[in-house]
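So this one's two forms of a single chain, laid out as structure tokens and tagged structure 1 and structure 2.
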Structure 1
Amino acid sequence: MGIFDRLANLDRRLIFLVIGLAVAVPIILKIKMPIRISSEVRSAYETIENLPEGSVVLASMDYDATSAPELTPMFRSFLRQCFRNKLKVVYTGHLAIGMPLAQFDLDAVTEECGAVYGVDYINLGYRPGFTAVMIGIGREIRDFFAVDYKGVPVDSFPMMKDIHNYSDIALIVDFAHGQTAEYWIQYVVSRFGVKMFACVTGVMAPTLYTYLQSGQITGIIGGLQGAAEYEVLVGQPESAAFGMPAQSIAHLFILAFIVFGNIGFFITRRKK
């Protein structure tokens, strides 16, 4: 069998082995690579940096375990930036399964930053309704969130004293793996004029660039690449930045297999 026949008929087990090594070796050896900061990620970062101290940021957790590797690093960096700048974080979400998942990161980062529950941040929990909840907050947040996720009245927390609707919220940040970011833009940003940027999975990011170009959102942090850029900007690179070499090398090998496999296929077919 010639070389082109071998290329066209590579054993898939060999492909799996090579991709497995391409992912594992950079992680084991802790290989680093330079992270180029894109304009859309820098713009999202600067949006928070430009908020006055004490401003309220609404974080909507709209993802679950399937997209946590991409969105968890963004959420952790977001919390660090907010608490460093002494901003207040109101935390809620539209996926019941995602709320406890993000709570682990919230607990870890708040302990690290010394943030106090009810003073620096609050978890309002999950309420069903999606767009009904989004629009209803524009009138009064207590219509849907009279208590926090533990059932404690929100009026008992100091930070909620002056937070009633979107007029009291300086920024919305959606962490999403579905269409909730577009719902926030269409039903809240366009109606109430609140600033917003989106943290989304890599496959969702391209759908939001029209909103970025129109000025409806101030930035996009998309996929593991965006998460790595955000970590670098915040000054604490973690899982995303360390995962980028593995992802990049694996992508190169996948492209190489596609190219050489097709070369082998077309040449052997011409011979036949």
Structure 2
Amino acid sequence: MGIFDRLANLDRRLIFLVIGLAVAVPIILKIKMPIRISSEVRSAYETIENLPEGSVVLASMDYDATSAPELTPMFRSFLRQCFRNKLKVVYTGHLAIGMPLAQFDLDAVTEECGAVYGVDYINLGYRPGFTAVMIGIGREIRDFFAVDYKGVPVDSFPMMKDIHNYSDIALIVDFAHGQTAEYWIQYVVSRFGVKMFACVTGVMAPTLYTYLQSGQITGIIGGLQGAAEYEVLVGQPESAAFGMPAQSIAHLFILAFIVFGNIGFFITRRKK
């Protein structure tokens, strides 16, 4: 087996090792790189900036630990932006297993911003059957969420007094690692005419461009790059911004592997 054959058929475990190192080394060395703000992130950011004080934002947590590295920084930046602009946040979710995870960030950021439970934000918890819940809130949120995540009646909280359905909600922000962003758009944005933007993983983002172009959503914050941009816009760069160098270097290595693979492939094919 010649060198080019070998280049065309590398053991995948070698690739695994190199990628592992390509990510780990920049993290250990704390390399830094500049961040460019894209228009879809900026317009998402501005959607919140343009909301009048006191508006209600519905945040839907539709991710779990698996996509936390991408979505947690977005969620934290989102909360900071909302509380800074004196908006009210109603927090619910459609992914049972992820809800408590976001709770940590919620607790941390609300403490940092001095937001008060039941006045500035509320956690309604989870109900199964997401399309039913989404459409149901269009009539009366209490039909599904009569109590908050700890079982306390929502009517005992001052901020819920005027919140009944989507006409009381100025904006929906979905933090999604799956299909839910599209469900929100199809079942709620179109039907009830609420504004929305989506914070999604890098996988989901490309699909959402169709909704952005058609004007159904006002912005996309996609993947770790989007999260880093959002952190920079909100003015508190954290984990996303610090992760980008590792990201860049890993991409370069993957490209290098593709190039090697093709060189090996072409040369061995010519020999045959």
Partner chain sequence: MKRDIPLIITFLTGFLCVIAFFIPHPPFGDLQQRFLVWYAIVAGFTMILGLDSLVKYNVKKITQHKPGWQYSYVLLFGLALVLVTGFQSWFKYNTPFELRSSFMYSYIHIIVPLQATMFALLAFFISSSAYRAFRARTFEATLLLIAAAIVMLGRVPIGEMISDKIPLRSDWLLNVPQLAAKRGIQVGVYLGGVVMSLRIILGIERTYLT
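In this text the structure is predicted, and so the values were computed from the model without any measurement. In this text, rigid core is short for the largest set of C-alphas that superpose within 1.5 Å between two forms. Reference numbering: structure 1, starting with residue 1.
Trainee: Could you let me know which number goes with the form predicted on its own?
Mentor: It is the first structure (the form predicted on its own) rather than the second.
Trainee: If you split the chain into two rigid parts that turn against each other between structure 1 and structure 2, which option among 84, 51, 115, 31 sits at the hinge?
Mentor: From the list 84, 51, 115, 31, the one at the hinge is 31.
Trainee: Quick check on the domain motion between structure 1 and structure 2: what's the rotation angle of the smaller rigid part, to the nearest degree?
Mentor: From C-alpha superpositions, the smaller part turns by 19 degrees.
Trainee: Determine, in Å, the CA shift of residue 16 between structure 1 and structure 2 after the rigid core is used for superposition.
Mentor: Its C-alpha position differs by 4.6 Å.
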